[in-house]
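One chain comes next, on its own, written out as C-alpha cells in the form predicted on its own.
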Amino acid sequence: MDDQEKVIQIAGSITVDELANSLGLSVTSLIGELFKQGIVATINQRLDFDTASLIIEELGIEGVRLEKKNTSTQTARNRRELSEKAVLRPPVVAVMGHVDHGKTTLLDTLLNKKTVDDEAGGITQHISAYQLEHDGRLITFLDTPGHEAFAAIRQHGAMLTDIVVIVVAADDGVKPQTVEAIKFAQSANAKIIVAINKIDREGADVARTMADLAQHGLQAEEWGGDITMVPISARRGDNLDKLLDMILLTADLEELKADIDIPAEGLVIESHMETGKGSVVNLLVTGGELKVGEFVVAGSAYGKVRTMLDFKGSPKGKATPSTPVTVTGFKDLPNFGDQFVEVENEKIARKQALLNAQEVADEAASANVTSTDLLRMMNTADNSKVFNVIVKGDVLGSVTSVVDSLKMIDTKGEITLNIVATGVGDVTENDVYMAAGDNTVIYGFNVSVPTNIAKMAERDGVAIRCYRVIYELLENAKASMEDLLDAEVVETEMGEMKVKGVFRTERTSIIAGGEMLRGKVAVGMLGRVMRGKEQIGEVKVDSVQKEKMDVPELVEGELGGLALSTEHKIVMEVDDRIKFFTRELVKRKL
C-alpha cells in the first residue's frame, strides 16, 4: 500500500458534505463535479459505500481508499467486548443452500418436526429458529429462505450466525444460490461446514461435488483444505450425528462465549401481528438473560415482555445467550435485524425508542442514495416515470419478498419504482395518509383492510390492492407500470388518391375529387398532401362521396369527392396526391 494513500472509513453511509471534507474538496466543487456526471446531489444527501466508491472512481481521484468500518455483527462486537466472567454459549447455525437441495428436510429430520407442509409451494418463506440437544449440549439453528426473492433476508441470516452449514445436493452440485450462500458466510466471518446431501439418490457424486466446491474456494479437509464436508442423507438420516459432532467441534475451536450478567441484548429475527396477541416477535438472545416482565427496546419499538415461548411454543421464564424465543408485549413491530436491548423501565424505553425513531427519520430526510439509485440517475432520462408503492405484509419475510420481487421487474429504465414505505400488519389509516396525493398504490400481501380504512381510501382516491399469491401482485404492479408508459404512436398506410379537381378551398377546409390509385379512404382517416416528393400539408377526411351520395369509403379504381379539414391553409392542385393513413396511440408493454 502506498504510504501516502488516504483511507476514508465509512460505517453504513456518508453525507456529500462529509465526503467532500474527507477528500479535501469544497462541497460546492464536489456537488459541481457530481452534476457533470449527471447526479443532482444536495449537501446532506447520504451515499452508501458502493456509491461513494463509484463517485471517487468517476471523478478520477487517486491516492484515496475507502474502507468499511466493521459494524457487521453483534456477535463480532461481543467477541471483542467480553468480560472475564463470560461463559460458553451454544453455537448459532444457519442452514443455507440452493432451492430444493434439502435444507428444510435436514432440519425436519434433526428436529423431528415437519415444517415443509406449512410453507407455500414447499419453499421456506420466513426465517425460523430452533434448538436441539446433542450429546447434552444445545445447538441453535436458523432455517433461512432459499428463493431468489429472499436474498436480503438470507444475507441477514448469515449476519446472525457463528457457523453456516451449506447444503449441496450430491446429484445437482453447486448452483447460483450455493455460491451466494458461500459469499454471505464469508462476509459474515462465519465458519463454514458443507453438508453434501442426497447421497442416497441415483446420480449422486460426492467427489464431483467436492471438486465443484473447490472451484469456489471451499477446499475439503480430505483434499488438504480447511473446510469440513459431511456426506449425508437428510431424508434417511445418514451421518446426521456426525454433522452435529462437527458443528460442536467447530464451536469448541471458536470458544463461543457470552456475558450473562449484563442487560439482555440480541436481534429481532421475525415479527408479525396476531389477533388477540398484538405484536409477536421472534428474538435471538446474544447476551445477558431475557426474562418475562423486562422492558426492551428494538429500533423505534419498545415494550414489556408479557409472554415468552420457546421454539416449540412452551412457556419460558428466561432466555440465555444463543436462545431463540417468541415474545409478546411490544407496542409496535420492530424491524427484522434490529438489535434489542433491555432497559430499566418504561420511561427509558420510550425515550430510547423515540431517539432511535428520530435517527431513522433524519436518515430518511437526508435522502440516502444507494449505488442502484446512482446508476439509475446516471443512466435514465430526466422524464422517467415514478411508480410509488407502499407494501404491507403478514410478516417481515413476506414484505421483503414482495419488495425484492418488485425491484426485479425490468422497466428498461423508463419507470422508477419508489418504495414509499413498508410495514407488517393490516393496512392502516397512516398508510392511507401517506399514499394520498401522489398516486401511491398500497399493496397488501396476506393482510386485510378494515372497512373504515377501505372507505377512507375510497374517499381519498387511494388504491389498495390485496393479494394472497405473490405472482398475481407482481402482474398487477407490472400492468400498473405499463399504464405509466407514454403510448407509442403507430401509423398505418391505408391508400392513395390522385386529385382530379379542387372545388373549394378555405382556410381550414377543402373540397376535392379524385381517383383512388390503391387501398382505400374512409371518414376519420388522415392524409398527407404530396406534390411530387414534397409534402405540402396534412388533412383529415370529414366525409366521402360517390356519385353525389355519402358513402363509408372509396376503394382502388373508384372516383369520388372528399370534404377535408386542415389546421393550416393548403392550396391543393390537380395532380397532387393524397396518401391516407391512420394514426393510433398503442399501449406499450414492459
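In this text, rigid core is short for the largest set of C-alphas that superpose within 1.5 Å between two forms. Heads up: residue numbers just count along the shown sequence, starting at 1. For clarity, every value in this text was computed on a predicted model and none was experimentally measured.
The form predicted in complex with a small molecule exists for this protein as well; it is not shown, and the discussion that follows is about that form.
> Of the listed stretches (234-242, 387-395, 329-337, 448-456), which one has a non-hydrogen atom within 4.5 Å of the small molecule in the model of the complex?
That would be 234-242.
> Applying a 4.5 Å heavy atom distance criterion, does H98 contact the small molecule in the model of the complex?
So H98 counts as contacting the small molecule.
> Do K198 and the small molecule come within 4.5 Å of each other in the model of the complex, heavy atoms counted?
K198 belongs to the contact set for the small molecule.
> Although the partner isn't part of this model, could you tell me whether G102 comes within 4.5 Å of the small molecule in the model of the complex, counting any heavy atom of the residue?
Output for G102 is yes: heavy atoms within 4.5 Å of the small molecule.
> Aligned on the rigid core, do the two forms place the Cα of W223 2 Å or more apart, comparing between this form and the one not shown?
No: W223 shifts by under 2 Å between this form and the one not shown.
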